[in-house]
Each structure stands twice: as C-alpha cells, then as structure tokens.
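In the form predicted on its own, a lone chain appears below as structure tokens.
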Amino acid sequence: MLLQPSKKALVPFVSVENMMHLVHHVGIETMLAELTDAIEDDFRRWESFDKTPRVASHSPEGVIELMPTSDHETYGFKYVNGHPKNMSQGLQTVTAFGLLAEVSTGYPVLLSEMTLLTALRTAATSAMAARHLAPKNSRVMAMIGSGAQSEFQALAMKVVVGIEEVRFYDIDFRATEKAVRNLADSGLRVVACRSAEEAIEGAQIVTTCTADKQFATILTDNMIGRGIHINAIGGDCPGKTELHRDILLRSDTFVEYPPQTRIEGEIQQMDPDYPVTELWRVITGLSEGRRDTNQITLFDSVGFAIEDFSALRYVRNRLKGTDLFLELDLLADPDDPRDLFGMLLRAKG
C-alpha cells in the first residue's frame, strides 16, 4: 500500500542548483544588499536570541561545527566544516547546510544548502560592519586572499559601502587571476597585485580571508596606516590568526560574540581583558563605532549563528511564489501520532 506523506512531513529543500537559480532570480547585488539589511535587522534585536559558541569537533585535518540559535519562535542551525587541505584534493575548504524549525512544534520548515549561502552571508556581514565602521566615502578595498569568498566580499562592499576599486593579492597568483576574471563585468576596477603591500596601497578597507589553519602574519603592523578599517574574516578557529598582535594594540576591535571570538578570532592572541565592543551595540547606538579619521577599526569576524539564522529566514521568505525548492519527505507524521509502528505496518507491500 502506497502511503502519501502528509503536508507536515514535507520539508522545503533548497539544493545547490536551486540556490544558484535563486541568486540569479533575485540578482546577486540585490541579494547581497537585502541580506545585509536582514542580518542588520536581527543584530538590532540581538538580545532576543539564544547565544552559544559553536560546537566544534577539531582534528588535524580541520574542524566540523554546529552553529545553533533561536529567537524563541524559530530555531536554526548550520553544519559547517573547515578543511584547508581539501584544496589540494580539488575539494571545497568550506561546505555547509542549514535548517530552520518551528519552536512551537519542533518541526523543520526549511532545509538548505549553505556553502553558497555562507559565502553570501559572510560578505553581507562584512559589508554591514564596514557600513558602520569604515571611513566615510571609502572607495578602495584591498582583498588579501583570493579564494572562494573573495568575489562575494568585493561585490558586497560595492553595493553596500560604495567601493569602486578592489586590489587582490593571494600567494597563489592563479587565484588572483581567477578573481579578476570573475569580476571583469562587475563594474569594479579590479587590480591584480603581486604583494600584500601593493594591494593595501591606497585602500581604506582591508579584508583578510586566508585558509591556512595556523597562527599566521598576513598583515604586519607597519603595513597598516591610520584611518584604515580592517575586516579580518579568515581567523575562525583556535590556533588560526592573520594579523600581528601589534595591529590589535593600535586598533579599536569590534566582534560578534566575545565568548566565541576570544577562542577563535584574532583576539585569541591577546590578554583575556583585551577590550572589545560587540557590533550589535554600535548598530543600535549603544556604543560608539568610528570616532575620527585617524582611528583604526578592526572587525574581528569569526561568523556567528545569528547571521546564518538571518540568511536562512531571508531565503525562506524569498522562496515564496517560486518553484526553486524540492519537497523532501523528511518527517514521519502518522495520522495517529501514537501509532508510528502502525504506519510502518501499513507501508508493507
């Protein structure tokens, strides 16, 4: 006997293919702008969320993490990995998927790929921070690390902040050539650089996004002049940093969630009482962001679950009126909730 699943059993699923179609349906720059606003809206209600550092399983090869949060109406989590050595095998360094569920029933209401969506939400979060912290009328950005997220970062800074020129540097010049090629029709002036110093020349915003899982010094103190905004997004686990600690001593540092950032971010190099400001406080006007033209601001971004929650809710809303999802028969939902075994019996030939 063929049993038809109930509507409750069917969960919308956004595949990689459909996520790509959704991005093109909306338009990538429009999507980045809308995602930035969606994330900022949730930062404005930061105190209404459950917050916990992500649950991480570390190995010599990388890390696998779960990132949960809830606003007490909707629950969300993301599964994500970070395996720098994957690149040598032709694999992505980061892959992810995520889920939303009703708090009232516990039933999932969305399952989605999040490899693409993580790149989009990370870029949107960077642009949101720069909107509040970067020098006014910033027009030039240095992108140190030309990997999978770099083009998303550049486009988000263009549409949200008004960046006109992006200067790329990567230790693998082929990655830089890839980024330059991909952004050829973006409306940005794109410059391929042979050193980090060359990339930073003339930049008001410096973004670092490298993959090595180690304490590294991508930027040294003498490379950072007054008035620059640094967007450090590559450091995202214990033992992985990108900035020399002397830069932090000269910077005002802004973070997502201090208990997580002190473990995973650039500030893991610093004393436990190193002062930081939570970004949501700047966005809501409770704390000061950029004070003057000489101030160095640093967004020590490790990625936080609320950003993924915001991105998943955005996608769920954007799916309405489209067919850019599949319905997965994911949940057992018998007519009589006490008779799960009976449902199994009735499915027998």
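Position 1 is the first residue in the sequence shown; the rest follow in order. Not measured: the values here are computed from a predicted model.
Unshown form predicted together with a further copy of the same chain; subsequent notes refer to it.
Residue in contact with a further copy of the same chain in the predicted complex (any heavy atom within 4.5 Å), chosen from L248, C237, I200, L183: L183.
Taking P258, P135, P108, G162 one by one, only a single residue has any non-hydrogen atom within 4.5 Å of a further copy of the same chain in the predicted complex, and it is P108. Note that among 294-302, 39-47, 62-70, 277-285, the stretch whose heavy atoms approach a further copy of the same chain to within 4.5 Å in the predicted complex is 62-70.
Interface membership of S57, defined by any non-hydrogen atom within 4.5 Å of a further copy of the same chain in the predicted complex, is confirmed. In the predicted complex, a further copy of the same chain sits within 4.5 Å of a heavy atom of K178.
In the predicted complex, none of the heavy atoms of A124 sits within 4.5 Å of a heavy atom of a further copy of the same chain. Interface residue remark: D271 is not counted as part of the site for a further copy of the same chain in the predicted complex, having no heavy atom within 4.5 Å. Site residues R131, E307 and K320 are none of them in contact with a further copy of the same chain in the predicted complex, judged by any heavy atom within 4.5 Å. Using a 4.5 Å cut-off on any heavy atom, the residues of 99-122 that reach a further copy of the same chain in the predicted complex are, in sequence order, L99, A101, E102, V103, S104, T105, G106, Y107, P108, L111, E113, T115, L116, A119.
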